[in-house]
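Taking the form predicted on its own, here's one chain by itself in structure tokens.
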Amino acid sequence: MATWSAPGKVFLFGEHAVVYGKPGLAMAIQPRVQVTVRKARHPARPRSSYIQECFRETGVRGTVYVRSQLPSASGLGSSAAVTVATLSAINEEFEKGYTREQVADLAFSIEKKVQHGLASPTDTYVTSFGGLVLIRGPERLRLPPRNIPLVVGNSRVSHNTGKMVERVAREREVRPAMVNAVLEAIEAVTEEAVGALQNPPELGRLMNINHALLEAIGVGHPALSRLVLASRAAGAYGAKITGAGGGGCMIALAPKRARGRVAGAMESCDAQAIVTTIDTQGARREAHA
């Protein structure tokens, strides 16, 4: 029996622009998915298509038990965390000998298959390695870890990443000059944010700018707007959509004294609030009780 866990992730800056080769800044967060795998000759078929593919790709058979602190389909990388944790547990239980890089690569290929080609390698890379990751085209650059305390607001509004990506693509076809200008502005904000990681008030201002730019290309949602405005009013330095938009989650960067108020403001908007910060471990082995 082997038990591994993997963290969720948020996009701090640059979502949607990364689709067009612009930089993005992602961070692993502390809520985790934990998966236990045990060898079995006649296991039941897993409910998750991601877990099914993990067993099929590795050519092994076993039982699986999942415990998750991450809401699903919310933009926090829960499917990537499930896939990476499952592969890591299979790797140990069946002595496959995969490296962490190989687990991340295989997890991405599985996500890409299950999501019909729409998956991003960012999610599986960040959940495998943890920390702060700067995305530049095909490159994934791990940055020195910073304590970036966040309050995540889950709007509980379901969204579809593929549809949001397609919406931006259509808007770009209709209004190429405008949308390309917005994407370039998001790029500038992301680049500036990399240099402001130790300056929370400035980082918050840049989050606010990034949020406005995301709304300008049509990936906002009334529920997310309410959470962003409520967070700022409660004392957050800044707040923005994280991920595809159109529902799902937003994040707020708040000083320690205001985090409780920000979380309460989110909950008053019927959202789930998660107070969290950076996870630097990535996928890790868990001891058995």
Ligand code: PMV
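From 1 onward, residues are counted along the sequence shown. All values reported here derive from a predicted model rather than from experimental measurement.
What follows is about the form predicted in complex with the named molecule, which we do not show.
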Of 25, 18, 274, 271, the only residue with a heavy atom within 4.5 Å of the named molecule in the predicted complex is 18
Between 238, 62, 243, 246, only one gets a heavy atom within 4.5 angstroms of the named molecule in the predicted complex; which residue is that? 243
Proximity to the named molecule in the predicted complex (heavy atom, within 4.5 Å), stretch among 174-182, 94-102, 80-88, 157-165: 157-165
Counting heavy atoms only and using a 4.5 Å cut-off, do 11, 120 and 123 all touch the named molecule in the predicted complex? yes
Can you tell me if residue 75 lies within 4.5 angstroms of the named molecule in the predicted complex, counting non-hydrogen atoms only? yes
Across 185-204, which residues bring a heavy atom to within 4.5 Å of the named molecule in the predicted complex? none
